[in-house]
Ligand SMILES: Nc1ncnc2c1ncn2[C@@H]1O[C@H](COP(=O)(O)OP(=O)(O)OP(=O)(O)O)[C@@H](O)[C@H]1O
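Presented as structure tokens, the chain that follows is alone, the form predicted alone.
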Amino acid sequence: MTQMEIAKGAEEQYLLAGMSNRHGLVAGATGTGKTVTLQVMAEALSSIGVPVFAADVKGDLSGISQPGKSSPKFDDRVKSLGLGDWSFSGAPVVFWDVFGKEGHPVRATVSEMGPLLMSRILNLNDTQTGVLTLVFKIADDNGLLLLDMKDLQAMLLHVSEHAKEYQTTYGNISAASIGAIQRGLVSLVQQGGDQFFGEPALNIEDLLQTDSSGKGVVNILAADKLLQSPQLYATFLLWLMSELFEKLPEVGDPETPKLVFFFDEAHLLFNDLPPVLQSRIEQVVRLIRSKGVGVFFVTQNPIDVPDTVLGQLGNRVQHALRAFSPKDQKAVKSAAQTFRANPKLNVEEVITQMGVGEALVSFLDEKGIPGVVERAMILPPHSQIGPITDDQRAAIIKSSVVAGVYETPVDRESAYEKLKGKVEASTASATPAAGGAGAGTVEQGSGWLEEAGSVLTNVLGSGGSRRGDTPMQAMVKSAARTVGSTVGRQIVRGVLGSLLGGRR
């Protein structure tokens, strides 16, 4: 099994490639070296052909794309660790950015995100989430694609205007809840979140690339601006993780993982998380390893991660924690208890004494058993520590294998266009023709088949107002809606697949 040396103490500490899909944790207080540890791990994985995805919340991780440079301080570190000759090299990198400024645009459709994750982005309560779920259901049943923000806004307006007609079939639709959702969307647009929703949507396969020399591509999400909207940041990464789970085939436990996913600022994912969503996250973390995907949570303190998730993180790197208050001391004790004990090491004491770049390390062995915790120094990276220049970033983006694929948005016919067409058609049909009064009405005796055909055209096609229907129109429309639903006029939606009740 391929070994990757990550740290060195009394003994070398190796992360095993075949155990990288058993997940992991990198924790420690601010300024203790978590980002460099992430960089060293990403480098090592890339060097053996494993693609990596990581969020760059401070801009520092971009240096992994460039060879490092020697300095007196760096050389002393190499010498003190007995590393001998040290070579510098960068890793192949693709930059991504939800806002399309510092990387290739990354998008998802509203339907792919689904009502549960959209509710979390918008910070909705249970009642409002229920109404949003009904809006998605009505869109599904009427063949209305929800691709971008204007589709969802148009759908909310449509449902609000026809709430009485829909409540018999779908239940009560509160105007107050619709208003709260609309206000949430306005706030999201002001934060720039609307740029994330639309097409072309991200193709997961584009994250699983290797370069011509066989190195795994390091996908870096520029997240410094995205982090200003923490709900959007956390939900986007959760969506991405769920898409990997949904779309990748089962592979069991491969010798090397298909992808290793670093979830930085992981505490944001679990803040105020609804119980139903937390249980689904636990399921995904447990099951995604069989898809060949490893997930490493990066956060300040292990207690930021729920115990049910923490128990599934076999590879641990714990940097120093600070204990200035009773709460901090409790956190230190909890962190110390998550390791396999070392009789030669007082973990609870050492965890507050380590310097920058030092860590308590415990990786899984070939049998999947956690190693005895050891105090060690994280190896220096082969690549540049710190951010790259704007010109360097621009050159990498321009030469990327996905350059030009996602830059131009696509706006195909969806809910907004269809609903707009219905309104226009309804307005036109309500205007009397020049030939005289009654020109726009159905002539008496024209036959129920002719009237039914007109109604079916309205329901399944461009449609019109449903108010003032004759009994015959109401009957035919009801039948048409039933037929439309029965034949499966559903939107493809992939939010955690069957785990969240999504439909493919």
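Residues carry their position along the shown sequence, with the first being 1. The structure displayed is predicted, hence computed values, not measured ones.
Another form exists, predicted in complex with this ligand; not displayed. Remarks below refer to it.
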**Item:** Candidate from Pro380, Gly90, Gly198, Pro105 lying within 4.5 Å of this ligand in the predicted complex - any heavy atom
**Value:** Pro380
**Item:** this ligand: the contacting residue among Val356, Leu287, Leu83, Val372 in the predicted complex [heavy atom, 4.5 Å]
**Value:** Val356
**Message:** Just checking whether Thr30 would be counted as a contact of this ligand in the predicted complex - the rule being heavy atoms within 4.5 angstroms.
**Reply:** yes
**Request:** Check whether Ile48 has any heavy atom within 4.5 Å of a heavy atom of this ligand in the predicted complex, and answer yes or no.
**Result:** no
**Request:** Tell me, yes or no, whether Thr35 is in contact with this ligand in the predicted complex, where a contact means a heavy atom of each within 4.5 Å.
**Result:** yes
**Item:** this ligand contact in the predicted complex: Lys291, any heavy atom under 4.5 Å
**Value:** no
**Request:** Mind telling me which stretch in 234-242, 381-389, 404-412, 328-336 gets its heavy atoms within 4.5 Å of this ligand in the predicted complex?
**Result:** 381-389
